[in-house]
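In structure tokens, one chain follows: the form predicted alone.
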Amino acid sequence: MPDTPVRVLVADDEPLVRSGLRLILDAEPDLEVVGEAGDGAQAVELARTLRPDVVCMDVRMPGVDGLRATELVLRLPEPPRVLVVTTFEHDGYVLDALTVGASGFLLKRAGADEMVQAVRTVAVGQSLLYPQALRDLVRTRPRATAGAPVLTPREREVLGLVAQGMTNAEIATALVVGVETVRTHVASVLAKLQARDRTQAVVLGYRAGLVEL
């Protein structure tokens, strides 16, 4: 457990949803909801002033939607992690949010334990990857392979395993290499794709024709 609680900002236009998320997250000793936003513009402003570690971001909000809010939040000098919380599994907004750098997404019908674990996962810099869900999402959009970055065969192999939801340790076992070697390959892939994290790398890699899902 961290020395200080993970600071969470909840952004949703439905007061009942915000209250429910607050109750779930504040019940955990290592999590603390520091603010609530009813739309994207407010989410950006509160993220700037409150400096949360994680923003739980609804995608469909009036005015500034969750996609635009995610873009703006991630441009802050010390951006938080963004966990997209959505009603619809195949919402195009979710894919766009992942493309601009959201760390993962969760359905609103997820259980309390799933929500808590999701926040903890993105808070420590990990991505919340759901291979089948990502596969369904990215295949709704055409691929744009022109100008794709050049990855080495090993980097493409590593990216493919990341796309399957494997951790660095699992990839190391699969490829019979050390974990540090995998970390080096992942870091190189992120740099070449100009990706914020593993989720964004998978989405960008697929759309650039570098990985199959």
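Model, not experiment: these values are computed from the prediction. If you superpose the two forms and keep the largest set of C-alpha atoms that fall within 1.5 Å, you have the rigid core. Numbers follow the displayed sequence, beginning with 1.
From this point on, the text means the form predicted together with the DNA, which you will not see here.
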* Asked: Of these, 151 to 159, 49 to 57, 64 to 72, 34 to 42, which stretch puts a heavy atom within 4.5 angstroms of the DNA in the predicted bound form?
  -> 151 to 159
* Asked: So, in the predicted bound form, is Arg18 in contact with the DNA at a 4.5 angstroms heavy atom limit?
  -> no
* in the predicted bound form, does Gln164 have a heavy atom within 4.5 Å of the DNA? -> no
* Asked: Heavy atoms within 4.5 Å of the DNA in the predicted bound form: does Val177 have any?
  -> yes
* Asked: Contact between Thr184 and the DNA in the predicted bound form at 4.5 Å, heavy atoms?
  -> yes
* To do: Taking the DNA as it sits in the predicted bound form, which residues of 189 to 204 have a non-hydrogen atom within 4.5 Å of it? Please list them.
  => Leu190, Arg196, Asp197, Arg198
* To do: Determine, after fitting the two forms on their core, whether Asp26 shows a C-alpha shift of 2 Å or more between this form and the one not shown.
  => no
* Would you say Leu190 moves its Cα by 2 Å or more between this form and the one not shown, aligning on the core? -> yes
* Taking the rigid core as reference, does the Cα of Leu9 move 2 Å or more between this form and the one not shown? -> no
